[in-house]
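In structure tokens, one chain follows: the form predicted on its own.
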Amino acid sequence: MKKLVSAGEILVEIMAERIGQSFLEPGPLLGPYPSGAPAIFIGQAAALGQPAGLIGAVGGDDFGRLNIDRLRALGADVSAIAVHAGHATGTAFVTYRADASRHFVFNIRNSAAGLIETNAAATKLLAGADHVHVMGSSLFSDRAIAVALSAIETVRAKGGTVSFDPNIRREIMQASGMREALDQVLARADIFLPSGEELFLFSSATDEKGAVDELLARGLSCIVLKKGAAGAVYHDHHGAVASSGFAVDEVDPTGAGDCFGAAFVSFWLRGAAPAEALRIANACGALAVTRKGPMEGIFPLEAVEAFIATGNTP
């Protein structure tokens, strides 16, 4: 099977226990949980049996070990994750508001994650890669942008493909060079995986069909518009395929879009029809929200297929 690679932030997530809890005063917290959008993506892809590896950096601490151990257990290639003694692994503190929105406090750029580079291990991983997946959240610094763009060019030069999930967080949208980098990645992408209103950040259109048509005309092979619990819609130059979501009791939404994207890209790489890729992707996205913690709801393909068949969560 084709090997996919991503590059970006690896961190732990620590969550407020109560809805409406503020970080302006002491309160109960849950975690640490292994996290980071590209780490979640690669973990889910590997769990589905797709050859997958991650380029990134962690500190020589328990949080770094927690992430590497989890990715390795899921079957991911961790050979290009650098460990930096004397630096702290990235963190994300998250609190949930009454309106279901989330507020994040990140330490990424100034953590070990900020030391990401295309070193010898990363170069070796990319030499065997057929596909690169880029998360918008991973374009958090000039250094991280350079790694992502280099990975894209390396894989495209040998006929590989690229997928792009904007995954934009308001807290990091103002990072230097991010807007330009987002546009650069989109211009090189084959698959575009926006969530909801993200579609309109890259188009002058004000309606969904107009935005899809405009973006496809730029050279994308397909657009997969994620719609949360409602499912997703696949668009290409031949038409559209809609797929409904699966009803589950939501515990924690963090990571659902990353798990969805990993499943869709994995099955797209296997040559699956859009409807089949969407079915697996929607199931992975649904399962992701049934556990507290961004990577706790990642399951192997056998469990995903059993969930689709029975509706029973693992």
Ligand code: ATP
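Being a predicted model, the structure only gives us computed values, none of them experimental. The numbering used is simple: start at 1 and walk along the sequence shown.
This next part talks about the form predicted in complex with the named molecule, which is not shown.
No atom of the named molecule lies within 2.4 Å of a backbone or C-beta atom here once its pose in the predicted bound form is superimposed on the site C-alphas of this chain, so the site counts as open. The three marked residues, S195, V248 and A256, each reach the named molecule in the predicted bound form, with a heavy atom inside 4.5 Å. With the partner omitted from this view, the residue of V212, A232, V185, A92 that lies near the named molecule in the predicted bound form is A232 [heavy atom within 4.5 Å].
None of G128, G177, G219, G228 but one reaches within 4.5 angstroms of the named molecule in the predicted bound form through a heavy atom, and that residue is G228. Of the candidate stretches 28-36, 285-293, 43-51, 263-271, only 285-293 contains residues with a heavy atom within 4.5 Å of the named molecule in the predicted bound form. For the chain shown alone, R102 is a contact residue for the named molecule in the predicted bound form, at least one non-hydrogen atom being within 4.5 angstroms. Heavy atoms of N167 reach within 4.5 Å of the named molecule in the predicted bound form, making it an interface residue. Residues are counted as partner-facing when one of their heavy atoms sits within 4.5 Å of the named molecule in the predicted bound form; in 14-46 not one qualifies.
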